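Here we start with a single chain on its own, the form predicted alone, put down as C-alpha cells.
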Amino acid sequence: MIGRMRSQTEEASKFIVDWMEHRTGIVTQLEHFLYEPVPKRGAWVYTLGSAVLGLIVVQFLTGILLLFYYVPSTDHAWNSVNYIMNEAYFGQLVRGIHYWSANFLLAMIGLHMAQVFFAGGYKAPRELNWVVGVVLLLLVIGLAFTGYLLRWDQDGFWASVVGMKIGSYSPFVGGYVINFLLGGDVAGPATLSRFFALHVWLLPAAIAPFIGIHLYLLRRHGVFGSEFEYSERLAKLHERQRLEEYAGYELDDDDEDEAERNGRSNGRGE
C-alpha cells in the first residue's frame, strides 16, 4: 500500500514537473540559475553569496511579519516591540530571527567580499559586478542603521544620535543629509517616521533591483576571478580549440583531394 502510494506520488510529481517544463521552461531556467561550476578546491567558499541572498530573504520575510504589530510612533513604538516580544504568537521567535539574521548578514557580506577580493573576482570583466556589490553593502548598512532606531529605547536612540552626529562631519553633504534624517534640529517623531520609511520602503526597494543586476552579471561572467583558479579548464579549452583547428585543416585537405579527383574523373569522361 505504502509502495503504491509512493509510486503514484512520484508519477504525479513527474507529470506536474514535465507539464510546467513543457509550457514555461521553468525547470531549465532554475537549473541554469542554481547550478554554477566552481573550482574543486574551496568550493564551499563560493556558497557565501548564496548565504547572503538567503539571509536577505529571511530579513524581508521576518520584517513583513513584524510590520503586522509594529507601530511607528514615538508614543507606541517601544510598547509595540514589547508586545511582539511578550504577547504576540511566535513574536519573540520572529524578532529573534530578524535580529540575529541581520548580524549574520553583515558578517556573511564581509566574508563574501573578502572571498571575491582574494579570488580576484573584481577584475575585468567583473569590475561592474564588484561595484554593484559595494552598493549593496552600503544599502545593507543603511538598513542596519535605520533599523536600530525603530525600537525607540535608550540604546537605539542614543546609538542613532551618535551615528548621525559622526555622519554630520562628512564634507559637503553631511550636514544636509543629517538634517533631512532628523527632520529638524533634534531627534524626535519626524526622525522615527523617516527612519521607518527608509528601513521599510526605500532601502528594500533599492536593494531588490541591485540584487537582480548582481545575479545577472554573475550568470553572465561566472564566479571565477583569476586564472590560477581555472588554469586546468583553460588548458583543456585551448587543447580542444587546437584539435578543432587541426580537424578543420584536415577537412580542407580532404575537400581539395576530392575536388582534384572529381576534376580528373571529369577529364577522363570528356
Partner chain sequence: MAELQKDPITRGDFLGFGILGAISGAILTIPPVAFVLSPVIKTNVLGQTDIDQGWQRVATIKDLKELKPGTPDVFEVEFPIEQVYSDKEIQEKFPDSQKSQSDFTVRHAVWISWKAPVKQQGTQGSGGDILGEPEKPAIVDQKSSGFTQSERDEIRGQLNILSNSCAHLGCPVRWFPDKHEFLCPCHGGLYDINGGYVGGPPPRGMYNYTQAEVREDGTLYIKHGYDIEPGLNKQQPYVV
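What you are looking at is a predicted structure, and each value in this text was computed from that prediction instead of being measured. Positions refer to the first chain, counted from 1.
Another form, the form predicted in complex with the partner chain, is not on view; read the next lines as being about it.
- Interface residue remark: residue 87 is not counted as part of the site for the partner chain in the predicted complex, having no heavy atom within 4.5 Å.
- In the predicted complex, the partner chain sits beyond 4.5 Å of every heavy atom of residue 111.
- Remark: residue 182 counts among the residues lining the partner chain in the predicted complex, judged by a heavy atom distance of 4.5 Å or less.
- Proximity of residue 187 to the partner chain in the predicted complex falls within the 4.5 Å heavy atom cutoff.
- Residues from 154-192 that approach the partner chain in the predicted complex with a non-hydrogen atom closer than or equal to 4.5 Å are 158, 161, 162, 165, 166, 168, 169, 172, 174, 175, 176, 178, 179, 180, 182, 183, 184, 185, 186, 187, 188, 189, 190, 191, in the order they occur in the chain.
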